[in-house]
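Below you will find one chain, with nothing else, as structure tokens; this is the form predicted on its own, and questions on how it binds or moves follow later.
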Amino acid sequence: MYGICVKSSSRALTNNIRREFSTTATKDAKHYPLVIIGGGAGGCSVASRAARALGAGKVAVVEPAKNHYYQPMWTLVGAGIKTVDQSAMPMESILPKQCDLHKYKAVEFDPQNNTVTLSNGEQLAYDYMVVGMGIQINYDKIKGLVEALQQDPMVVSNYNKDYVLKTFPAIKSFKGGNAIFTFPNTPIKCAGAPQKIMYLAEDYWRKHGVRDKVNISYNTSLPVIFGVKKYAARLMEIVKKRNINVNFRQNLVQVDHHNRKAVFQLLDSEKGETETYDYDFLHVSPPMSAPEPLKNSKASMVDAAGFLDVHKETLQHKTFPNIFGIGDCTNVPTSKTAAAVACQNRILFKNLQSVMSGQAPKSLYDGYTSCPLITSYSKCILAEFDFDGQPLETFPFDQGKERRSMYHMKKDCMPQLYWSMMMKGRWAGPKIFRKSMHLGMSR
């Protein structure tokens, strides 16, 4: 019955939008009540909710990838704990059968005419659109990095399904020298990942008798090791205890793999100075940005940095009320993680339903996000926090402490939660459990 009500109100509002925005540009376009751009965590979770409510043939998903990857697992792949295949599922098996999948890239947006153009030249018209394109990885922005990743077995990166296959072999074969781990001077998805693999590598080298021959450095563009004070304090204790050098405000700009040198821009230098390090092992977290089609959009869809410009609490676009955004491609000021998307997808869809029914969006996102900071092959700090960087922890104990239970939560429980519930649009984050575990006294 609820789905029928949504469909009925959706038709009424659809007619209003068509009358207001109809142009000749939409005559040859295939029309859908809802078009979802992107088949990542956000796109798939919203698609599952929407397909149940709107029915077959009403929802289009635009996504060229053959496989859907659970990318938070790639830290574990890089450490030899999981395989890439364990992180992948065929895209068509993830999306509901009621959705129409268009296996092309979205290349041009025209929100004034409610259309999106695909890489095959096809144009889709929509009444509503959800943009969940993720974030763009820019390995080519670092001089010499692509060549180094292709030719130097000791230059690795966990942010790509092919490059992550290099990481554990490099960790295993490393017998000593300078090991450098980087954090870029751009927005980044999973801001804890650059140091997670560092802790795992350090633990591996310690257990295999080469740690005393290794000099480990974490070179980060940030002025702090982590953006939330509570967890930053704990992590600084860990790096001190494990003799890891942390170099703040340094940004990797060049890799010379022939001479095994990495050049870092000193971000606080008024003269634009750089510092060059010799490396024997180099894990690079690459620069990232908003996807090019968004940055190049015709109308005022994006902010100055090219990210989709949405209200941070309702996830509705600031200019175009029939557009919503989710996940890494938006300018929502929280860490870009799958955990954030888990909370956002339900809030977004509830607000979308409200707008479809002619009402104002009422559900509000509090910025919840989570970062399971794996610190060894058996321990993890489960960081959870909100827009203001305040801890928003689920369990009734100090999650800033390294715990074996949280390691297994990350390694064993979260993948099952992702595939079995989130991808089916049935997981909205841990809020209900957090409130119950804190006897109703937590937000």
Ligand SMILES: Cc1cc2nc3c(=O)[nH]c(=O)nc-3n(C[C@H](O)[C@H](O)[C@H](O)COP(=O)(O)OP(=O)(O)OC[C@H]3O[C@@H](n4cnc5c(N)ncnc54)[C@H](O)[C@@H]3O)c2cc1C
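Computed from a predicted structure; not experimentally measured. Quick note: we count residues from 1 along the sequence shown, nothing fancier.
Omitted here: the form predicted together with the named molecule. The next part is about that form.
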Practice prompt. Spell out, yes or no, whether the shortest heavy atom distance between residue 391 and the named molecule in the model of the complex is within 4.5 Å.
Written response: no
Fill in: 4.5 Å heavy atom contact, residue 190 and the named molecule in the model of the complex
yes
Worksheet item: With the partner left out of view, is residue 65 within 4.5 angstroms of the named molecule in the model of the complex by any non-hydrogen atom?
Response: yes
Worksheet item: Just to confirm, residue 35 within 4.5 Å of the named molecule in the model of the complex by heavy atoms?
Response: no
Discussion item. Taking 4.5 angstroms as the heavy atom distance cut-off, pick the stretch from 105-113, 226-234, 351-359, 248-256 that is near the named molecule in the model of the complex.
Written reply: 105-113
Worksheet item: Given that the named molecule is left out here, which of 367, 293, 96, 184 has a heavy atom within 4.5 Å of it in the model of the complex?
Response: 293
Item to complete: Just give me the single entry in 221, 71, 322, 217 that has a non-hydrogen atom within 4.5 angstroms of the named molecule in the model of the complex.
Response: 71
Worksheet item: Out of 258-275, which residues reach within 4.5 Å of the named molecule in the model of the complex, heavy atoms considered?
Response: none
